[in-house]
Every structure is written in C-alpha cells, then in structure tokens.
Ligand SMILES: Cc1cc2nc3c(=O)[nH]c(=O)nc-3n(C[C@H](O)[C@H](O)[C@H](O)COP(=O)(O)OP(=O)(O)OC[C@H]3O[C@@H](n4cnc5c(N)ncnc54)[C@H](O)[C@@H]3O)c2cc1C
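Only one chain is included here, represented as structure tokens and corresponding to the form predicted alone.
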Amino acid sequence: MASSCDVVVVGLGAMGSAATLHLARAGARVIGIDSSSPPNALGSSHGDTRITRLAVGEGPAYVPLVRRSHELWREYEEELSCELLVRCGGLILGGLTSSGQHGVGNFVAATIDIARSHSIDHEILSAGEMLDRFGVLDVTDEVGYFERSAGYLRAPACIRAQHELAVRAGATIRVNEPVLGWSATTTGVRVETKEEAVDASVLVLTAGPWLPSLEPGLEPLLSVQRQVQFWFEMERDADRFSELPVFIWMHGIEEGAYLYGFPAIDGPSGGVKVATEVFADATSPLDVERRVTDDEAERMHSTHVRGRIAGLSSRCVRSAVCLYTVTPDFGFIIDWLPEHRNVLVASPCSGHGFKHSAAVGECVAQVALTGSSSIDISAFRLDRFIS
C-alpha cells in the first residue's frame, strides 16, 4: 500500500516545516515525513535560540531571504498569538584584521558593506561606546556594528508554529517514521518508509545532516560537523546580561577565533548561552558524540569567554550538541538534483540557515510547484561546484 500526493517533504526541521507550510498554502497535496518528531535535540535547530540579522555578512544573496523571513515570522506570531522573533539588537564586533566566518574574510567589514549597500539601519560603535552600552563585554580596541532590527528566533517554537500552520492549511504530517530510501518512478518518485510508501510527483529533501545518507550523490559536497552550545553561570550583573543584544565577536586573526552569544533569557539561574564553531572530523547523526565533557566547557571558557565577558564564571550550567551540514563554500544548496528533475534539495545550511528558513520554505514551495521563485536563489545552485 502507498499514499499519494503532489509533493512529499522528507525532513521537518526548520526548512522542511516551512516548505510543507507553503506548499499546503499554495493548494498542493503535501505529505511531510520525519524520522523523529521535530522540534527535538537530534538535528540542527535546538538549543532554544538562533541569531537573526539583516546585514548578512555571508553575502548579498541572503539579504532578501532574511528580510522576507522576518515578515513571515511576524505573520505567524499574529496568527498564533505567540512570540517567535525577539528584536533585542545585534552587535558584530572585531578588529580591522579580524578572522573570517562562513567562508568570508573579514566578517565585520563584510557585514558593514552589506548594511551600507542594502540601506540597513545601523550604527558603527567605538570600543568606548560599546563599553558604555554593553558593560559586561570587555572590548578594548574593537569596532562594533550595531543593528537594531537584529535579535533572535525561538527556534523550537518556530518549527512548532510552522507545523501547526501547515496542518491547518491541509498538510499531512507523519513523524517518528524513518525513511528507508526513495526511487524514481514513471510518474514521479516513491519514498519508502518503515510504515508506508508515498508516491508523489515531486520530492523535497530537507533532511539536513541526514541528507548524505538519503542522497549519496551529494555526499562529496557535504560535511556533517559537531557543534556545542554552552550556558555559563552569571556571577553578577544579571540585569545587564538580560539586556544584552545578540553578539558575534571576532577576537583574533586565526581560524576559529570568534564566539557568539545571546542575552540571558531564562533569568539569573539560566546562564548565558555562548558558543563558537569547530570544523574538525566529519560525523553523522548516528555516530556523533552527544555528551559534552567538562574539558570542552573549560576550553570554551578559557579560549573565548575569559577576559572578554565579565561576570560569566567557568561553571557550565547546561550544554547541547547540534549538527552543521557544511558545503565547501559554506553556501546553501537549493536546487533540483541534476539526474532527477523532480527531486528538489533545500539543504544544507552550513551553520547559518535558521534565520532564512521561513523564506527558503516559501521559495522551495514556489520552485516545486511553478519552477521559479519570487526571490532569486540562483546563488545556491549545485552547478557552482562543477568546475
């Protein structure tokens, strides 16, 4: 036995839940399938919060996506009477020779260039001005980019909201149903699961770190990387920590010399969430070490926090492991598979995708149903990797 639909979406995290919602709203018969029950702590979207910012230093192609995503989050908040996007401001700071991030050389300079070229409201702050405003950040000679419209997304709530709205719009959601594989048919595709097969005209793969196993042809382009988020105890200044903007601090010229963080959103006992990014040996969702050691927490604190964030002790009150799925240029993949023009991939996000996910889902739905999207996503084609 098999179910049938117009589009089947495999993977219901940030991108998949958004795509399923917009497909259903466009009138398509859509079935969304996930091996677990998102939101959960297995993929790339947990740990409570994700930074969002309009001046996306990773490149101009991302700006229309994040702008549209902000509009969509506000629409969802109104429909569901919930909070998804918190605009607390965003600070990106570093020296004139700061390290890069996500394949971009000087990330602070790149962010400022994007803001200026896209007329994004911002301020450039001196070290003294940052000390006055954000006293717990022990800046010295850094320059700061401050964007009032930046902030954070409540990531699990965003996914839940998109699931709820998708079901309201007529989508079928099937969770805790592992996908065994997929194959082309004479009329489209068939997705085999442990429960029941699904026949569809179009398959959308939004499976993040599970993508290499679902489409081995993409495996050479994808590296699944273990990342750790930490919450450190506040020794003092809980009020100042609660009033912080989100921040990305490029504090050196060597690779990996940066950290990012959030305001204290869970009160004095909840700690302050900070993290960096580490690109080492590739892993997989099945093989990843999900336990965080005391040594890892101490290394994070001594390398990135100590001497920079005053009032955060080395006591880690909480930690979480998540997964990045990274391409060689740290860009997205949103494209049809070359040999299967009815299989659309919208992944991976290389560690900076959540802020764009609402609009990416809308674009994916448009491409799946009409062949084109209202936002230009040509920068994310697969052929850029073909020399």
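Residue positions are given as counts along the sequence shown, with the first one as 1. From a predicted model like this one, the values you see are computed outputs, not experimental measurements.
Omitted from view is the form predicted in complex with the ligand, to which the following refers.
Sort through 116-124, 84-92, 301-309, 173-181 and report the only stretch with a non-hydrogen atom within 4.5 Å of the ligand in the predicted complex.
The contacting stretch is 173-181.
Would you classify Trp231 as touching the ligand in the predicted complex, given a 4.5 Å non-hydrogen atom cut-off?
Close contact is absent here: in the predicted complex, Trp231 is far from the ligand, nothing within 4.5 Å, heavy atoms only.
Since only the chain is shown here, I'm wondering whether Gly208 would be in contact with the ligand in the predicted complex (any heavy atom pair within 4.5 Å).
It does: once the ligand is placed as it appears in the predicted complex, Gly208 has a heavy atom within 4.5 Å of it.
Looking in the predicted complex, any heavy atom of Ser35 within 4.5 Å of the ligand?
Yes - in the predicted complex, heavy atoms of Ser35 and the ligand come within 4.5 Å of each other.
Just checking whether Ala359 would be counted as a contact of the ligand in the predicted complex - the rule being heavy atoms within 4.5 angstroms.
Answer no; every heavy atom of Ala359 is more than 4.5 Å from the ligand in the predicted complex.
What is the one choice in Ile31, Leu65, Leu323, Leu344 with a heavy atom within 4.5 Å of the ligand in the predicted complex?
Residue within 4.5 Å of the partner: Leu323.
Pick out the residues of 1-23 whose heavy atoms come within 4.5 Å of the ligand in the predicted complex.
Result: Val10, Gly11, Leu12, Gly13, Ala14, Met15, Gly16.
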